[in-house]
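Next up is one chain by itself, shown in structure tokens, the form predicted on its own.
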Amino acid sequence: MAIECLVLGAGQEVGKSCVVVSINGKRIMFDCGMHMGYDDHRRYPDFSLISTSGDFDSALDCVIITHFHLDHVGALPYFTEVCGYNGPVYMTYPTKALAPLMLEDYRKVMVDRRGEEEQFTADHISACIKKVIAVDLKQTVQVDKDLQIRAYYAGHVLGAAMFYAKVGDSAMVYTGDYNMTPDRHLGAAQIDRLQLDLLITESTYATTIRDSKYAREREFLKVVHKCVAAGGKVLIPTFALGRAQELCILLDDYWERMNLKVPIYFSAGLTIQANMYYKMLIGWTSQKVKETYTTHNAFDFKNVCNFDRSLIDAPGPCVLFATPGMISGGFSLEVFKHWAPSEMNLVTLPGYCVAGTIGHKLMSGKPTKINLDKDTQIDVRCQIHQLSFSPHTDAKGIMDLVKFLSPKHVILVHGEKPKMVSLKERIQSELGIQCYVPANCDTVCIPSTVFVKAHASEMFFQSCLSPNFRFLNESSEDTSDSILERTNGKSRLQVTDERVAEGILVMEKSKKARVVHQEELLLMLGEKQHEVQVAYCCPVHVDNLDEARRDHISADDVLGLSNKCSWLQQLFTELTTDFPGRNIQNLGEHLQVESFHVSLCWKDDCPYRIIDSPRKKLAAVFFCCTWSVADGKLAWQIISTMEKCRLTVQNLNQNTD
């Protein structure tokens, strides 16, 4: 069996996360996001790769959404209401509550303010969310009789979850976005130690090792304070949920300690709604927030108030949180147009920005001008400050998670290709785990685990219990307890018990699986055992054979003179010397080493004899050798020794009457 992963989004890029996994006959779509950097067909995943006919209900068993960010949920209303998917959709309770707010805010910005073609309506969003089945953390959900899923706390944003999926004996985890370190309002990701065939993990910061959180917070507060103290305005582009709350807690606390009176503003009603949900869903926040909730709600900000559009050009310093976070449109772009031309002002970018957005252009090197379109150009003279308050884990966090879960295979998504390749090499070299970095529209196939419960037959049990002794000669230097000293003290005999513990798995229709002995299987099938034998008539050189032939007429006389068995005895001595670790037996008429038998051959027309020179026929006697295919390597080692050894005719001076 194999697990197939079709990457429809976030393959060697950050944006429109969407991975379709086929596991033991079940097909799951993990995330259904949009790309914030495109406004053409690249905005959504290519759903036609799931089903060319458009019958997505038959093609998918379920859809799982890890959290409410648009690059993970933004295409869901389009997929369900426009493309027609009506199957089950799973997400956590906070994600179900907050996703429609994010989707509607995006729709309003794109359609009502920017005039773009409507991809989905407010009714579509509402109908889509009605199809969602909400789940709790660590709640095992039986999607059907074969597929079960379970959510684990991922940190990152409120309600974000890693999802475990299991079908039969095959299991995997899809992380979505996660954070392995706690912040001021959310805890660190938590997951059980699981037996996994596959881990699909984000790799946004695949090569970044962050400095201490305290140092980052101090630097952020320092640049913000410096700007407002000089009379400037600070624009902090953030998404309404997540970083906005993290930084508001930080600034609110700092303003209290420093007794600052400069206003801090939230730009949108969406953020007010978001704070309400944070208060309602306090159980999903960090341990510190939960512990202090009864005496102080961390989301009741004393120094933060609502922002009115009329204040954009008002004189005096201020700090403004404006959405969206990448300055890809909306109110953050509107404010940026007004504030960017002033050198007194500051734009601080606290997180990752997707390629194609204004935020990404600012982070890539301070531009002096930015062209929005052919008619609009923005002068950029303001200060630009970039500092990672990203809720994504860094390279150390990814490595820690992979090491903790120790899956058989890892697939990296949601990252930039060069960094992903570097992380892939680390995972393979340091952890010894096979890792893949597929691009969009690529499919990765990996083997999956299959366990079968089977009964064992009585004959198989007996074969496992019966001794199977092997005797090997060893040098006297070996002092192992399993070695018995011979009476002469010159060599030792090693005794090993190699019991057969291998059976044959029999799976018959409508019957339980059984492990049986090989001979038992033959009886069941009404067949006899057949063993493939190999034969070769081997020439062995005899030193004084020509001299013997001058004195005696026939080969029988020569053999009689040598007492017939003496050549077998000589050969036995040679082989015992050359193969000291083998149990070579002299049985009178033939020698035996495991399945290898060797005996003198009297036939001049032996079918197993190969004579490639007249001299070989005159200067040799022949030994017929037979062996089973399984002992082929040993047989040719012995034959090679036989062809090189030299025997002698015994008793030349003895009368033949």
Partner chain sequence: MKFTCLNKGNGFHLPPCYVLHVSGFRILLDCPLDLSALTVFSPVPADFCPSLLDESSNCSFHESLNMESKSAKRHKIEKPLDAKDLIYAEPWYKTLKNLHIWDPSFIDIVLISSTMGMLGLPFLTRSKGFSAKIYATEATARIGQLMMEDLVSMHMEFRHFYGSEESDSPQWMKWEELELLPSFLREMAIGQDGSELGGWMPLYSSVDVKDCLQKVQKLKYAEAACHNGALVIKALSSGLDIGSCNWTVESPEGNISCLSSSIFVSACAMEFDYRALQGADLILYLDFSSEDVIEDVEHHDNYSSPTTNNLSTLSDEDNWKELNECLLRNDESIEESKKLAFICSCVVDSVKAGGSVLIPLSRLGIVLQLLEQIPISLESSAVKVPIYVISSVAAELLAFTNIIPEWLSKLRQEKLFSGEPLYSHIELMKGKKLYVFPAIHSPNLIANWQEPCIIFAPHWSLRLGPIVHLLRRWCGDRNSLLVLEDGLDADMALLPFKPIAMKVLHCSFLSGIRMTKAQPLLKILQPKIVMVITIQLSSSLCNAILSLSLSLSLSLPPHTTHHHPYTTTHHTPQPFNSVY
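Numbering follows the first chain given and starts at 1. Bear in mind that the values here come from a model prediction, so they are computed numbers and not experimental data.
Heads up, the form predicted together with the partner chain isn't pictured, but that's what we're talking about next.
- Scanning 310, 577, 294, 377 against the partner chain in the model of the complex with a 4.5 Å heavy atom cut-off leaves one residue, 294.
- Note on the partner interface in the model of the complex: the residue among 342, 586, 583, 273 having a heavy atom within 4.5 angstroms of the partner chain is 273.
- The partner chain is not drawn, but in the model of the complex it has a heavy atom within 4.5 Å of residue 137.
- Taking the partner from elsewhere, residue 542 is found to have every heavy atom lying beyond 4.5 Å of the partner chain in the model of the complex.
- In the model of the complex, the partner chain sits beyond 4.5 Å of every heavy atom of residue 441.
- Put simply, residue 109 is far from the partner chain in the model of the complex: not one heavy atom of it is within 4.5 Å.
- Contact with the partner chain in the model of the complex, judged as any non-hydrogen atom within 4.5 angstroms, is confined among 378-386, 274-282, 75-83, 231-239 to 274-282.
- Applying a 4.5 Å heavy atom cutoff to the partner chain in the model of the complex picks out 93, 96, 97 from 84-102, in order along the sequence.
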